[in-house]
Ligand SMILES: C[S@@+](CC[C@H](N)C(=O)[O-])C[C@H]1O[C@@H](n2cnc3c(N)ncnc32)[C@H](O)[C@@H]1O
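Below you will find one chain, with nothing else, as structure tokens; this is the form predicted alone, and questions on how it binds or moves follow later.
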Amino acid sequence: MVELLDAQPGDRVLELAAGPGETGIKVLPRIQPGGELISTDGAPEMVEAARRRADELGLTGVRFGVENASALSLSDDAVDRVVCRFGIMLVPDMEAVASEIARVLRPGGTTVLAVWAGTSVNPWMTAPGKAAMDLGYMEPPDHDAPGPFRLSDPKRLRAVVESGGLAIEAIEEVPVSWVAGSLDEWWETTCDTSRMLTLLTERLTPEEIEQLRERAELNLAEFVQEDGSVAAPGVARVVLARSG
């Protein structure tokens, strides 16, 4: 994503759904001297986490804000580039996000967006959900509801991005390797990062949670290494688009 964004010294870059700000932090050195990173997220706690991370690293040239990606407070033509990693599919009105990106980008500005490809090629993320459905703990998700795989269809992805007036220059599939030191580490990480799993375990009994975990681990059995670590494949799609 950082390479495709091709940020230059002096650029003003907006990061949407920044979470703890990892992607923006990697972009920041490329826009210095004279550039500015605007790191935003819809969740105040994530904005604070990114702010703390920047303070720990002693970063300058970055400011933070809570922003609704579908209704940004920035003025028209305010930034040179926009980056959003695994965020657009979680916003209820994805077309509004695309329109807002096009609005705040200066003419000819670029955006790079990352989404997840299909469920079958991302077993690291899908193992708990598949287990929950197999056990009858939840129904299959609504494919149009906000979620990690909502833009897994390349045609839908293209339609959403272009709906805002952005011109797509490239869509690339990027292999991702998910690694954990053990199944225990995988489960803890998944519980921390999956809202679906968090909400589900809140209403299950301890016995049901253990059953869910055992079934989920079975779904990952083929990726467990001899030393007990887990190495599972994944695939993301990265879009490079330009404003008119």
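For clarity, every value in this text was computed on a predicted model and none was experimentally measured. When you see a residue number, it is the position in the sequence shown, counting from 1.
Here the subject shifts to the form predicted together with the named molecule, a form of this protein not shown in this document.
Engineer: Using heavy atoms only and a 4.5 Å cut-off, determine which of Q32, T198, Q211, N68 is in contact with the named molecule in the model of the complex.
Structural biologist: Residue within 4.5 Å of the partner: N68.
Engineer: Considering non-hydrogen atoms and a 4.5 Å limit, which listed residue (L59, M46, L183, V27) is close to the named molecule in the model of the complex?
Structural biologist: Residue within 4.5 Å of the partner: M46.
Engineer: Taking P20, G42 and V91 together, does each of them reach the named molecule in the model of the complex with some heavy atom inside 4.5 Å?
Structural biologist: Every residue of the candidate spot has a heavy atom within 4.5 Å of the named molecule in the model of the complex.
Engineer: Specify the contacting stretch among 60 to 68, 215 to 223, 172 to 180, 201 to 209, defined as having any heavy atom within 4.5 Å of the named molecule in the model of the complex.
Structural biologist: Every other range fails; the passing one is 60 to 68.
Engineer: Do R150 and the named molecule share at least one heavy atom pair within 4.5 Å in the model of the complex?
Structural biologist: No.
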